[in-house]
Ligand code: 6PG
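This document opens with one chain alone, in structure tokens, the form predicted alone.
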Amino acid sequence: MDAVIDELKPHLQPDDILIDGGNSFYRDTNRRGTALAAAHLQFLGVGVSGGEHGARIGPSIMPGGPKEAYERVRTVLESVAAQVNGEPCVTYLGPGSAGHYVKMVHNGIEYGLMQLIGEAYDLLKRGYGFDNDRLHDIFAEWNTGELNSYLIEITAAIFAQKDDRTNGRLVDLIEDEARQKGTGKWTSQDAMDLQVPVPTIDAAVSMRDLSGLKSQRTAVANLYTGPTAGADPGGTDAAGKIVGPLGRALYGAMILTYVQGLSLLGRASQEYGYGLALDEVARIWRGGCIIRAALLDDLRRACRSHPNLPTLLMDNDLAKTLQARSADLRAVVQVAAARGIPSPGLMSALAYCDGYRSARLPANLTQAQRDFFGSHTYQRVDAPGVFHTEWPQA
């Protein structure tokens, strides 16, 4: 991008607009915008999601930068963006790198959702022996209900796709090593910098890393045996009984992944001065983009009703939705563990929710340990201030 900008600059005049429509790191966007402003040029960092299909029928567009520059191209962007109920899936998000930051978090959520869907597939395929025709039917049926989303839709189609070389199913012939471009990693890194927990996104990034260790996984697989499949906790031991609970668990985990991403956006907006309207972010994600899903309507409503909530887990309606699916998520996690199916996405989503609903966590022990070995001090529940204890040494 820097090379392209350097090549273009001699041909530009003051107040010309440069638009970066790629997945640039937001800090690079800030640096480029500052440098171009000094040269009297306007720079928009514009996140675009939709893939090849979106390029043809309209993507979701996430622009950030100078407001006056956006207004000059607004009608163009609105005309090419996806439309949902007559609303274009584009809006001005904020100054500087706001657009690229939102797109980065969009991709982090995408990582998390894909991991969750992969775990559901793995549990049904390896855990219960479902064939591709049955998997296609399950995901197609899921897509007609609350799980309706682009990623569920294309997953159903993938299971039906035949390989033109062997006439078998293509999905079974694809190597199990997932690549990545870095946006998920950036999301996890920045969330850690801002101290915002996004464990499902973190797990997804780690599992893509693990998938790349194919030779190591093969060697380890020859040394360990998994559990013998038997009766599952939660009463879902029969194959036909797992589909309903798994669908409900997947829905709950997907909501929790969006909540994590939106929490990060809210914190980043405060830290970086973006002034994000999260209900508008949810709105423009409803069409065109990879993470478009019916549940975004509920998230948009929650963001609009309570724009200052530090977490959407505090929204009453979302809380009821998640509470109604918590038993299924807990049972499915137990089933996956009992059958030896790695499910860190589902497990982390459950732990995220359990952590938030815990009025007291074991961090009191962590504080004591830190003070014991490093004199890092601690706080008390019965008195204000900072304390240190001379602990007995071994």
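Note that residue numbering begins at 1 and tracks the sequence as displayed. What you see is a predicted model, and the numbers here were worked out from it, not measured in a lab.
Only in words, not in the display: the form predicted in complex with 6-phosphogluconic acid (6PG), which the text now covers.
For the residues Gln180, Gln189, Gln83, Thr144, the 4.5 Å heavy atom test against 6-phosphogluconic acid (6PG) in the model of the complex is passed only by Gln180.
For Arg208, a non-hydrogen atom is located within 4.5 Å of 6-phosphogluconic acid (6PG) in the model of the complex, even though that partner is not displayed. By the criterion of a heavy atom within 4.5 Å, Thr155 is excluded from the residues contacting 6-phosphogluconic acid (6PG) in the model of the complex. In the model of the complex, 6-phosphogluconic acid (6PG) lies within 4.5 Å of some heavy atom of Ile290.
His100 falls outside the set of residues with a heavy atom inside 4.5 Å of 6-phosphogluconic acid (6PG) in the model of the complex. Residues with any non-hydrogen atom within 4.5 angstroms of 6-phosphogluconic acid (6PG) in the model of the complex fall in just one of 25-33, 350-358, 47-55, 321-329: 47-55. In the model of the complex, 6-phosphogluconic acid (6PG) lies within 4.5 angstroms of at least one heavy atom of each of the following residues of 93-120: Lys103, His106, Asn107, Glu110, Tyr111, in sequence order.
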